[in-house]
Structure formats: structure tokens, C-alpha cells
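Just one chain is shown here, as C-alpha cells, and it is the form predicted alone.
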């Protein structure tokens, strides 16, 4: 890639009069040796998987194997149909869709890791709900995925997208930043505004720990995806309104690396701290361990 930072990416866009999506698509094709049309086609397939996951999460059985999660996306969608959501229709729909995809992941369904399985609901939640709202064609959203990909590329190479390395800020936080920046470009904002959206979004996620109950990507991961979609929309709107990230986005990414590196091990995907270590978290973990032992014992019996 020709860029290592978001500032460099925005400068390239300005000099060449291109969007972030165009730069990312062209650079990816050049780096991989795959024709531009084929790179775009592959990304289009990924977007179809995202849309399918949203639909499955809203209509299918998303009960996880652990039994801890499933069905919350349907609850939110049903609530929206019969009540006036405090959040507002478009944001509530993005939240429901993000929950849906995350529940599909927890129930062993097919998803696209964006950038990880633990944060897989945020971009589909924002993209699919916005497509329905604004009547966008699929190709527009596919371009949005290249925008998100460019942002994720910078974050991954300058900080981390791994919860085990940097906490949930590295997973859900990165996905929120990617969705926010992409949403700005989808709505006609400039690359500079998109970069500001990333900074605004990531600042709101700094220090977010990774504390999965029983070590499963379910509690609190799924709910964080739903709320993350709302945060991404808010950050995009701020940037489109002209609000800038006073601390440049690249510097925020640097802080995310610093905070993640200083985070205690128990708060980095080990399931030994945070919500996982609460009385209820420990109780659920114990019950699941006992449940697995019983099933293993039954499986050995003739």
C-alpha cells in the first residue's frame, strides 16, 4: 500500500482527486496482482454474506450452543415495530441489525470478520440499514467496504485489531472507526472528514476491555456490537457536520496501542477479569463447564 497512516491516505486522495475507496481498490489490486474488477467482485461477495447474516439473525434461530445468547435482535426489531424507539428509527435499526449478525456468529453461522468475528456486526449493521434507508445500490456499499478496509489496514498496522493484544477497543473500537469513516464517504463527505470520523469514534472507545464471560464471544460482545453501530453513526454525523477530531486520528490510534499495551492481561480476552469475573459471570462459567463435562461423560457411555 502507498499509505501507512490516515493522514497519508487523505493526502493521496486530495492530490489524486480520489475517494478512499478508489485508492484502496486500486492499491489492493496492484499489490495482489489481481485485476480491479476481480477484487471488486470478491468484495461484493463478502457484502452479500453480510446481508444474508442480517436476514438470518432477524428471522432464524440464533440460540448459541452455550445457551447464553440469541433472539435479542428480534426483540429489538419487534420493539421498534410496536413502540416508538427512544433512539430513533434509523439508529435503532442499525443496532438491531448489528445484534443480528453478532448472534449469527455466536450460533456458528456464516459472517464476515470486520475486522474480527467479535466485532462482525457493526459494519453490516450500519451498511445494510443505511442501504435500506437511502435506497443505495449494492455497488455503493461495496465501495464503502473498501473505505472501511483502508481504515482497518491503518489501525491494524499501527495499533491492533486483536482483543487479546489490545482489549475490546481493538476489536469493537476499530470496527466503529471503520464504519464511521466509511459512512462519511458513503454520505458524500470528504476523505478528510472520514478521517476525522475515525478519530472521533476511536476516542470514545479508548480503554474498552475485552472481558468475555466463559471466554465466549457472546457476553458482552454482542451488545457492544449493537451499541457500536449507533456510535459509528453518531461519529459520522459529527464529522459531516464539520466537527473535527482535535487530536488527529493517527495520534488516537497511537494512544489505542499505548492503552492496549498497558492493559492488564486479565482484561485482554482471557475471561479472567471485568464482567467475566463478576459473581454472575463466574456462575455462568461454572455452569457451562459442568454442562460440558456432563456431555463429554455421556458421549463416552456405550
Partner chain sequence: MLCRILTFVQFPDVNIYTGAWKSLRFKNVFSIIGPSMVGPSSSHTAGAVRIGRVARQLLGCQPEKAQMTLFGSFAETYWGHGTDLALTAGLLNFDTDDERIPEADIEAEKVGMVMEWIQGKGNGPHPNSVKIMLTAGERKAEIVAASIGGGTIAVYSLNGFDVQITGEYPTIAVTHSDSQGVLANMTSLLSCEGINIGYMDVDRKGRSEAAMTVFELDTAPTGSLIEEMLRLPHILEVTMIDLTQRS
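Residue numbers count along the first chain shown, from 1. Owing to the predicted nature of the structure, the values given are computational and were not obtained by experimental measurement.
Omitted here: the form predicted together with the partner chain. The next part is about that form.
Among residues of the shown chain, residue 269 is one whose heavy atoms approach the partner chain to within 4.5 Å in the model of the complex. Taking the partner from the other structure, the partner chain in the model of the complex has no heavy atom within 4.5 Å of any heavy atom of residue 240. At a distance threshold of 4.5 angstroms between non-hydrogen atoms, residue 231 is out of contact with the partner chain in the model of the complex. Among heavy atoms of residue 159, some come within 4.5 Å of the partner chain in the model of the complex. Contact with the partner chain in the model of the complex, defined as any heavy atom within 4.5 Å, is confined among 133-141, 107-115, 223-231, 185-193 to 107-115. Candidate site formed by 48, 76 and 78: none of these residues places a non-hydrogen atom within 4.5 angstroms of the partner chain in the model of the complex.
For the options 252, 43, 54, 276, the one in contact with the partner chain in the model of the complex, meaning a heavy atom within 4.5 Å, is 43. Only one of 172, 145, 202, 92 comes within 4.5 Å of the partner chain in the model of the complex through a heavy atom, and that residue is 145. Looking at 62-97, the one residue that comes within 4.5 Å of the partner chain in the model of the complex, counting any heavy atom, is 65.
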